[in-house]
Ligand SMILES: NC(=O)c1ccc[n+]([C@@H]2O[C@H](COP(=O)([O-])OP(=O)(O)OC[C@H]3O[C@@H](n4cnc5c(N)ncnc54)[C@H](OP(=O)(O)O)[C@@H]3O)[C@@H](O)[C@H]2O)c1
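Below, in C-alpha cells: the form predicted alone, a single chain.
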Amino acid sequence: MNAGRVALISGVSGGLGGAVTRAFPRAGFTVVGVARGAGNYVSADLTRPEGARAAVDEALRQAGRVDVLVHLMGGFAGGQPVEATDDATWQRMLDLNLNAAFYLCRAVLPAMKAAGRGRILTVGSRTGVEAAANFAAYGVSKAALIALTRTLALEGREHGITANVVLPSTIDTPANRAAMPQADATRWVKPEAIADLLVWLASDEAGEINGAVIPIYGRA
C-alpha cells in the first residue's frame, strides 16, 4: 500500500535512526535520509534555513516527491539550573530540537500542499510535557516542538496533511547505556517500538490522527 511513497527522514545517524530507516523500507516506503556528513545519506545542516531547503530539494530531485517527513533529529545538553545555564547550551537546544524542525517542515510544506496530502511526524520527549529540574533548555525546546507540530496539524488539515508528535521516555540506545551504566535499561523504550509507531502514523490507516501528542514510555 505504501509502494511508491517517499519518506524523508532526518537524523538518520542518531540512536533512533537505524531502527526507523529499516522499518520504513520494510513497509514499502522509499527512504531519503538526511544527516550531517553521514555516509550515503543527504548531508545537510538542518539548523540553517538553507540547509533544510537543500535537503528537501535533493529529496525531490532523487525521488520526485515527499509523502512523509519523519523528523528524528535532536540533541541533549544541560544539567544545570536556569541561572547556571549558559547561552551556548540554550541556543544549541533551540537549534537542534526546535529550529531545525521548523526549517525542515517549512521547506517541505509547499511540495505536500501541491500534492494534496502529506504526513509530518516529529519526535519529541517526555520532558516536553513533564518538566524536569535542571533541564530548562532541553525541556523548553521539546515543549516548543510539540506546539510547532500541533500548529502544523491545524494549518495542514485542509490540505490533506497531518502532523503528529511522539514522545519517548529514555530510548534504549548504546549512547544512553554508556551514559547511564547503572540504570535499568530494560525499562527504557526500544527504538524498534518507536519506529513501528512512526510507520503506522505514516500510513493511510492513521489518516484520522492529527495533532496528537503520543507518549511511548516503555516501563520508564
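When you see a residue number, it is the position in the sequence shown, counting from 1. As the structure is a prediction and not an experimental result, all values here were calculated from the model.
If you look for the form predicted in complex with the named molecule, you will not find it shown, but the lines that follow are about it.
Looking at 169 to 177, 149 to 157, 60 to 68, 22 to 30, which one sits within 4.5 Å of the named molecule in the predicted complex if you count heavy atoms only?
Partner-contacting stretch among the options: 169 to 177.
Verify the contact flag for Ser203: yes if a non-hydrogen atom of it lies within 4.5 Å of a non-hydrogen atom of the named molecule in the predicted complex, no if not.
Close contact is absent here: in the predicted complex, Ser203 is far from the named molecule, nothing within 4.5 Å, heavy atoms only.
So, in the predicted complex, is Gly79 in contact with the named molecule at a 4.5 angstroms heavy atom limit?
Residue-level check for Gly79: no, no contact with the named molecule.
I'd like to know whether Gly74 contacts the named molecule in the predicted complex, with contact meaning heavy atoms within 4.5 angstroms.
Contact check for Gly74: yes, within 4.5 Å of the named molecule in the predicted complex.
Even though the named molecule is not shown here, does Arg119 get within 4.5 Å of it in the predicted complex, heavy atoms only?
Arg119: no contact with the named molecule in the predicted complex.
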